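Shown here is one chain on its own, the form predicted alone, set out as structure tokens.
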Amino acid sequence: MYNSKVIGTGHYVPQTVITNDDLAKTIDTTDSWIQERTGIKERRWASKELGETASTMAVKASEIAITKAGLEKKEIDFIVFATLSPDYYFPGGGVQIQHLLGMDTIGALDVRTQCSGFIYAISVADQFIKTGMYKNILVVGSEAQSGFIDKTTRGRNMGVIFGDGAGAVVLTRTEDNTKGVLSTHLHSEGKFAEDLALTSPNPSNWTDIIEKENDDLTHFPYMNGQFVFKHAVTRFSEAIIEGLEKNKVTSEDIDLLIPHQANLRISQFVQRKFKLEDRQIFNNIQKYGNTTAASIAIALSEAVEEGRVKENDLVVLAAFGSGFTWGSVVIRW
């Protein structure tokens, strides 16, 4: 059986920077309130004028990743695209990426597991490569969430958190089973789906919702914040431990942990639990907010650019989010 390894990373974030002070102009909030609860200082929002969408940003991140992989677009065999904010309700955005990149009629698969999307996407791509079905797979996470969040005081608990952006990696086949993706671990618990969800519009309740008055909030994302936080710190830890035990290593062996950038307080809790030094964890939520399926992909790309990831490093990716879904990926770089 083959193994898969990352040979190229890339990311793109919109140029429009929205600071906490910017939000405070229209929302009853302050920079200190947001930073204290989330660690976020600013985030990026996609520009309608520039035509920035989940798919177009994904393409920009993908082009960088493919170039860094030393490949041509025609050498990509398959696309796995993770997003909760596709350009269309259907078809999925993977086919738009295939088209905008000018690729041949390769397959494109969409993953809808929200904050865990990139973890799930890596796992899917890893299995396709391990079985020998494909050699080079483009894995992308991209979000344009600023268009549907409630930017008023009513929705500030969600509105101050989320940002836009895209990240991508290229996975390729290797026969060296000591390098690359060592293991992936995926979980879900659907009974808590509505504790972090956007429930309308949906196919059974579409135009009625659109035509309703403003007091219907089901077309805005909802989060049971404290409940989600408590589950997140537990599931993050479980997913990391599962990956470490599978590969017979300990937290001391981790060279870099890249958690999903949901909330800096969650990352700090996990860091303390595993007694990780600052050099062993990577956070960029301060700059970008929560970019959902794109967050780990963007962080991984930045970490590689900054020299935080070196050959033979043990890199752990972990996420928790809506669904609830959670998981981890353990990589020997």
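Predicted, not measured: the structure shown is a model, and the values here were computed from it. So that there is no doubt, residue numbering starts at 1 and follows the sequence shown.
The following text describes the form predicted in complex with oxa(dethia)-CoA, which does not appear among the structures shown.
- Taking the partner from elsewhere, every residue among R156, Q226 and G321 has a non-hydrogen atom within 4.5 angstroms of oxa(dethia)-CoA in the predicted bound form.
- At a distance threshold of 4.5 angstroms between non-hydrogen atoms, I266 is in contact with oxa(dethia)-CoA in the predicted bound form.
- When contacts are judged by a 4.5 Å heavy atom cut-off, C115 counts as touching oxa(dethia)-CoA in the predicted bound form.
- Using a 4.5 angstroms threshold between heavy atoms, T56 stays clear of oxa(dethia)-CoA in the predicted bound form.
- Within this chain, T29 lines the site of oxa(dethia)-CoA in the predicted bound form, having a heavy atom no more than 4.5 Å away.
- In plain terms, the part of the chain that comes close to oxa(dethia)-CoA in the predicted bound form, with a heavy atom within 4.5 Å, is 34-42 out of 34-42, 270-278, 63-71, 302-310.
- Think of it this way: in the predicted bound form, oxa(dethia)-CoA has a heavy atom of just one of A232, V181, I137, V111 within 4.5 Å, and the residue is A232.
- Exactly one listed residue, out of L256, A262, A239, I76, brings a non-hydrogen atom to within 4.5 Å of oxa(dethia)-CoA in the predicted bound form: A262.
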